[in-house]
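Shown next as structure tokens: one chain only, the form predicted alone.
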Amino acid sequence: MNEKAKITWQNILGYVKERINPQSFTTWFSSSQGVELKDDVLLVEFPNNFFIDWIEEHYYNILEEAVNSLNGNKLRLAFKAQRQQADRPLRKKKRFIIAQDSSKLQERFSFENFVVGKNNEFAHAAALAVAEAPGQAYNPLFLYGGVGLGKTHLMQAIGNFVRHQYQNLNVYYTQAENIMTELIEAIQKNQQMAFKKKYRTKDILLIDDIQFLYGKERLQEEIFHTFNYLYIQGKQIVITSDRPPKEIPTLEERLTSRFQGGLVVDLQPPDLETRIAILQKKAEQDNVRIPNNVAYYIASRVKSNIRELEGCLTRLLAMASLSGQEISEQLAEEVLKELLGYSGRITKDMILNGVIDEFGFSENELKGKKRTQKLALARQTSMYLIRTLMNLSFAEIGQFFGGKDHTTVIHAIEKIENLKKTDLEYRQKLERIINRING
């Protein structure tokens, strides 16, 4: 093995590891290795083609970021399988990480592979109407809902549909957090006009996770003027958020009014039948047949998060592929045990007990009004875990903690999200609590 190739790949993995959850990193990257570095092409080996397909489809962006960050875009990646799978037809895909098209869209998000159920049929219909008549049907289209319910899928499906049907239109997808980073850089380099031009020359602007505008007045100002400019020009704007416009704290009234001036649609957690259909559709895309009892087993235990649902299936397919085992309910049980740690129902009390064990406070203190720095953090951690593990509404969580206002809960969740990104010690603490909750 080329030692330089091995070190280069380890550096790239170090970048990736900091930006995805530990379970995903272990599943998809721990068995990979850099084997050869020649002519600025790094050859990386994965266990089989199933892994390569998944890496290219789901981690393309982050690998591109890693290469650009560490090597200044002078390096290309090539993947090879340690062993081939003769029983599974391979998809024709690129084997090199190259520059993406300027839209920043991912081809895997389409209307064709979006599973429609009662929980999302209105949102799907609205998104399709916007894609078929951009700037005319609903403008702006504001999609909101909990984590992993398909908001980004629908948004990017609009972009991909428009790109294929109206090739003369300029489509651009980004996250609100990225806009903030670009704005700061533009101010530092005195390039505000270039920043404005970038966003005001789009025909379809897709902004993900707009709740990131919380507390950022300068960014809100820029978004407002960009929104107005595009709207007057008849350009289409699509926005996603984890909550409706009026529940985003500190959002300027004029911006809230603009968002609500179009169509605001929510996505709810899918019912059991829809969850089973999602699993079967996902397995079909990967050229694998999943038995009905296995689909039912997974769908009956993962109830609120489509991303988590697909994650369980993906882990199951990966384990079956690596071990050569048949996809069965017994294997699914092992996967769920490892991924979720607990195959039963998580309750608020279980979460509270996990936090109490870690921080040392009592239930009365967590639900009470006393505020010390450490107690406030424990309380905010409890609110965050109840929201992410149980998908309860902000109002329900506030009621559970002694009738606190929903904006208090929103602030708590925002704080923990930011702390997870910046504080390794806290992130480890949070993982310990989740492990306790999962038994």
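Throughout, we count residues from 1 along the sequence that is shown. All values derive from a computational prediction rather than experimental measurement.
Although it is not shown, the form predicted together with adenosine-5'-diphosphate is what the next lines describe.
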property: adenosine-5'-diphosphate contact in the predicted bound form: G150, any heavy atom under 4.5 Å; result: yes
property: is_contact(P245, adenosine-5'-diphosphate) in the predicted bound form, heavy atom dist at most 4.5 Å; result: no
property: Partner contact for N113 in the predicted bound form: adenosine-5'-diphosphate, 4.5 angstroms, heavy atom; result: yes
property: Exercise: G146 in contact with adenosine-5'-diphosphate in the predicted bound form, heavy atom 4.5 Å; result: yes
property: The unique member of L206, C312, L105, I278 whose heavy atoms fall within 4.5 Å of adenosine-5'-diphosphate in the predicted bound form; result: I278
property: Partner-contacting position among I239, I290, I306, A332 - heavy atom within 4.5 Å of adenosine-5'-diphosphate in the predicted bound form; result: I306
property: Answer range among 231-239, 319-327, 181-189, 152-160 for contact with adenosine-5'-diphosphate, defined in the predicted bound form as heavy atoms within 4.5 Å; result: 152-160
property: Cα-Cα trend for D53 and P269, given that in the predicted bound form the distance shifts by 3 Å or more; result: closer
property: Pairwise C-alpha change, G148 versus E57, in the predicted bound form against this form - closer or farther, 3 angstroms or more; result: closer
